[in-house]
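Just one chain follows, in the form predicted alone, and it is written as structure tokens.
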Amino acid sequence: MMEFEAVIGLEIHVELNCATKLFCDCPNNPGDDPNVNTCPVCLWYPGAAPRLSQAALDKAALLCLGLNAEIQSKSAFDQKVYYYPDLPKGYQLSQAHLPLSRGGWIDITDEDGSVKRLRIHHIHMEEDVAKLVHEMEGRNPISLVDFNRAGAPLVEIVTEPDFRTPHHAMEFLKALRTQVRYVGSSECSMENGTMRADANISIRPKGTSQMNTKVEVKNMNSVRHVGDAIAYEITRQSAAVQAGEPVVLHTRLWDPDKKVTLPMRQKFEGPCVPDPSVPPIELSPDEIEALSKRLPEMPATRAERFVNQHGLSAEESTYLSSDPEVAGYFEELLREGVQPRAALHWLTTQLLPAVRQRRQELSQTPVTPARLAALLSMLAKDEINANAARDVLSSMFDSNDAPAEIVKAKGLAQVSDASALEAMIDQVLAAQAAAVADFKNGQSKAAGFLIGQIMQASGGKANPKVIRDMLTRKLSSVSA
């Protein structure tokens, strides 16, 4: 049986987080009530004159630079002609012939642990189309049009066909999302529709370089769905070719419930002609250089710095740097005086899970870096123990009180006074003679049991370090 390999390329639409649309001053809020954010430009009334948004151009250019692409000195808009109810003009303004940038790349980690570079062919700007809403009126299906989204600013990222596996596509989308979030051009949420990916998939005999008929797959609203759809389509096409059936150029939809791709329509490319209403974009070398200087420290550089400056592992640094909010919060903790390892531990194992459980954003949580740092300072000074710190952290989501005030109100201050603890230890040793005997007979686990009993007797307030030291001395004398 012939062995096949896949040839995959992605087309990714990213909605820019601009306040207004691409060619008019209407608010860029597609989720508002239907048809409230419209004007003669985005509805294309006679005489309407589009004006390119400078903010959209800047965000698009920064996105290109963040993906290692080369900004072109001249780019221009074209009329991508087709007729559909979601397109009021009868064409879409897009950069088909002279895109904003060419080239670019993203490095991913392949399944075997090696680094694989996946190239970008070009990135262009375009306007979004309106949204079709399909409903039932009685027993009759109807389709309504919401023009709020018409004219929203987009960029389309077109990759080279460098992908061979679903893993490549999924890792590329994750890395792209991180890069774009870092430059601040978009939230890149597939679940919320601010990033949409289509996959072009073909197969060929393994070891050959021929390009075969491709099939485009749409309607994938998560990174996992992209991987599942590509995997299914590779299997479907391979089975068809093995059975002697031709692969036909067309578009398919991913059905996430049935986990299959379904035929949608024949692939159609309408005419695309230069648009006379929007002047060409011309960027001088100085302007491009000025945009480059606005780029923040990117994730790979930040991760390397975390390794060198703070002694974190490469894996820990990559995890922290994969989200700009998480990385920023970590660095705020360090500026507040928290040690790197403590900051890493409490941020990743305690705070982030609690934030997700409450369906909050890290930037909106009441547990600010300054408040968490104050809590961790009390822990470092042995004023509270780790159990108490976790209890206080939970309370900080519902209270604006300082951590010290919460500790006082809950009576969670740690007991470190030797005289107060000694009586407690003596009481437990007297009550647990069997455990003491076990320890004398060489069963070291008995010490852990006794520490637990002392902690219980103290209501969880005893300092475990002090208890351990005092108990070790007492048990040693008993053993002797």
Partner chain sequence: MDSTFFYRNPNRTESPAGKLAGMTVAVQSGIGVAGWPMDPGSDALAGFKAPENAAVVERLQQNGAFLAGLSRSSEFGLGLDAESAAGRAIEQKDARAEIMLDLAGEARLAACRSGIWGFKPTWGLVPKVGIAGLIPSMEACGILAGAPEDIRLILSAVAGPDDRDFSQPAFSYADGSPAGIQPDRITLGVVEEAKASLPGDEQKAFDEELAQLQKAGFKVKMLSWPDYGLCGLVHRIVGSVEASSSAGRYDSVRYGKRAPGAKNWNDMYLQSRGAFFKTLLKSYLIQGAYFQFERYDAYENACRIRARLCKEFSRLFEQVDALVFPVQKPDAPETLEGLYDQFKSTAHANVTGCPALTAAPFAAGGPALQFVGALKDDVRILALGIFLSRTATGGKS
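Positions refer to the first chain, counted from 1. A quick note: this is a predicted structure, and the numbers were derived from the prediction, not measured.
Not on display, but discussed next: the form predicted in complex with the partner chain.
Site residues P50, Y83 and P271 are all in contact with the partner chain in the model of the complex, judged by any heavy atom within 4.5 Å.
By the criterion of a heavy atom within 4.5 Å, K89 is counted among the residues contacting the partner chain in the model of the complex.
When contacts are judged by a 4.5 Å heavy atom cut-off, R265 counts as touching the partner chain in the model of the complex. In the model of the complex, the partner chain lies within 4.5 Å of some heavy atom of H134. By the criterion of a heavy atom within 4.5 Å, S143 is counted among the residues contacting the partner chain in the model of the complex.
Between the partner chain and the residues Q79, T365, T165, Q179, the one pair within 4.5 Å by heavy atoms in the model of the complex involves Q79. Comment: the partner chain is not present in this chain, but in the model of the complex one of R294, H345, H97, K408 has a heavy atom within 4.5 Å of it, namely H97.
The chain is drawn here without the partner chain; in the model of the complex, the stretch among 429 to 437, 37 to 45, 449 to 457, 60 to 68 whose residues come within 4.5 Å of it by any heavy atom is 37 to 45.
Along 279 to 314, a non-hydrogen atom within 4.5 Å of the partner chain in the model of the complex is carried only by P279.
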